[in-house]
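In structure tokens, one chain follows: the form predicted on its own.
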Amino acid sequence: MSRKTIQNVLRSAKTLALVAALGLGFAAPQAIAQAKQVLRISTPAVPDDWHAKMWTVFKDTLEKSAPGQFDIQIHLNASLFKQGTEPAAMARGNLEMSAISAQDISKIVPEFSIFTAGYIIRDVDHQQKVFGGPVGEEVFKPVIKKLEVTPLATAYLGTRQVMLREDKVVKTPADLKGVKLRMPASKEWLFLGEALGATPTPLAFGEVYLALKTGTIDGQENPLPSARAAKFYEASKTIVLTGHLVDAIFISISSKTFNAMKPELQQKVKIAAEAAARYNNANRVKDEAELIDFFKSQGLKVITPDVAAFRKTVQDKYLASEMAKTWPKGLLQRINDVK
């Protein structure tokens, strides 16, 4: 082979190598982008609420532990899916993640309705021990099977209290007779409103502020941090510290999405969810300890009712209901026994 021929071959080889390199240069970012797992998160939470902010903690934690492997998209204010429709969207594969309530779960898993009942969970510490222990492991199994979503962590939503638009003295459930109390639109929520002695009125969370202002409803019940974040105090005069539900939302992921991940990524997603829940829980507990003084400073009257009377009335209502017949035998006692 002549020297000139050899030079031509070398030039051709360099050209091919350059073309290949350029081709790879264009393809590499494309391949990386395609390799990212999209996690769309839908929540009805308003930006100032801790269970909106916790998703940023989830995102930051996961991006640190699994850099470049996830495209995490957070959608607040129910802008992606309406409140209560998220579980079905996750089961269909139309949504990757959300925080779902016990009320959402119990629509498909009736036995889970025990956690929608008033005065079952005592406080946040009891809540975390119940769902983080053997009871939680047991009750989440049918959730994964029937809803096709996988709970990853339990976030404390707060202890729910009643807030009224008028100055009203409320000591027992009888004092709430005829009060149009906003509840989310599910039979479990409406049953709780009725058990409290009120007239439950279904309404989306985003419509509550205006409904209080106009008198469409007489009151609403939510954890105090949520009431502050949504500025319900601007349209209210009375807070009744019923403490009727130590509420939780379960940071959850579509089982289709979760099961498609490698075990090491599953673990990182779970750890990020637990970090988000811890952040939320610590801040909500701190807020609740300080909020009574805040609401008083806004001119609201704070009433401590006869909680024992509320507890007895509410629990009697539940135990006499069809709902209680779906509760697994012995589960209530097991929950009570968690210390």
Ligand code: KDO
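Keep in mind the model is a prediction, meaning the values are calculated, not measured. Throughout, we count residues from 1 along the sequence that is shown.
This next part talks about the form predicted in complex with the named molecule, which is not shown.
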Testing 117-125, 145-153, 180-188, 211-219 against the named molecule in the predicted bound form with a 4.5 Å heavy atom criterion leaves exactly one stretch, namely 180-188
Quick one: from 314, 62, 277, 45, grab the residue that has a heavy atom within 4.5 Å of the named molecule in the predicted bound form.
45
Of 226, 161, 236, 106, which residue is found within 4.5 angstroms of the named molecule in the predicted bound form when only non-hydrogen atoms are counted?
226
Using a 4.5 Å heavy atom cut-off, are 37, 96 and 272 all in contact with the named molecule in the predicted bound form?
no
May I ask you to state whether residue 198 is within 4.5 Å of the named molecule in the predicted bound form, using heavy atom distances?
no
When the contact criterion is heavy atoms within 4.5 Å, does residue 101 count as touching the named molecule in the predicted bound form?
yes
Mark residue 258 yes when one of its heavy atoms lies within 4.5 Å of a heavy atom of the named molecule in the predicted bound form, and no otherwise.
no
Considering non-hydrogen atoms and a 4.5 Å limit, does the named molecule approach residue 83 in the predicted bound form?
yes
Any residue of 45-61 with a heavy atom within 4.5 Å of the named molecule in the predicted bound form counts; write them all down in order.
45, 49, 51
